[in-house]
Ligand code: UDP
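A lone chain, given as structure tokens: the form predicted on its own.
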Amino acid sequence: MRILVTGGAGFIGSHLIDRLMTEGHEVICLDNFYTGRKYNLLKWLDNPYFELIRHDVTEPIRLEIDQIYHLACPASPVHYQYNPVKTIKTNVMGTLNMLGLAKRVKARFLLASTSEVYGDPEVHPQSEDYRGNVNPIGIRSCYDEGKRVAETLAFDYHRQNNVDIRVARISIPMAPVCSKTTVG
């Protein structure tokens, strides 16, 4: 299988690439190295089944792939608040570009989202029916609202264009927990 991992030079992305490569997949890593590090991928650079492309997901790209793991976005408040406009562009335009690619090549699409879509939650952990306590104008909103829009886009692409999507809400504040929403 030919798999694209956006944000693949980051912590989660590089570990995902390790797993995919070990399983024998052909992997393309797309990263602009805003927070990701080439060091995380050194062991794969000479592997003929691995390709590293320095690219910003806010710009379109044409590739032939079977699956997309869309992890591109700074996840640390220090990084996403440094350039909040870039953060929301990554979430919105980057997700649009990757969903457009998934639609064109009929690839399965996974969006790495976050429990931050609930805002500053009043309950921990959050269940899928919890609607949140959001602040669309706070200093964290570039990340929170960006991820909310990214999820909306993914589900709209599924409903309107039949794109096969998955959304994984990664939550780390209390303990490593992954709440996932699956369609398809």
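For clarity, every value in this text was computed on a predicted model and none was experimentally measured. Numbering starts at 1 and runs along the sequence shown.
The next section is about a form of this same protein that is not shown, the form predicted in complex with ligand UDP.
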- Looking at 53, 149, 134, 61, which is the one with a non-hydrogen atom within 4.5 Å of ligand UDP in the model of the complex? 61
- Message: Only one of 110, 101, 88, 75 gets a heavy atom within 4.5 Å of ligand UDP in the model of the complex. Which one?
- Response: 101
- Taking 4.5 angstroms as the cut-off for heavy atoms, does residue 81 touch ligand UDP in the model of the complex? no
- residue 69: touches ligand UDP in the model of the complex, heavy atom cutoff 4.5 angstroms: no
- Query: Can any non-hydrogen atom of residue 157 be found within 4.5 angstroms of ligand UDP in the model of the complex?
  - Reply: yes
- Message: To test your reading of this chain, name the stretch in 140 to 148, 61 to 69, 35 to 43, 22 to 30 whose heavy atoms come within 4.5 Å of ligand UDP in the model of the complex.
- Response: 61 to 69
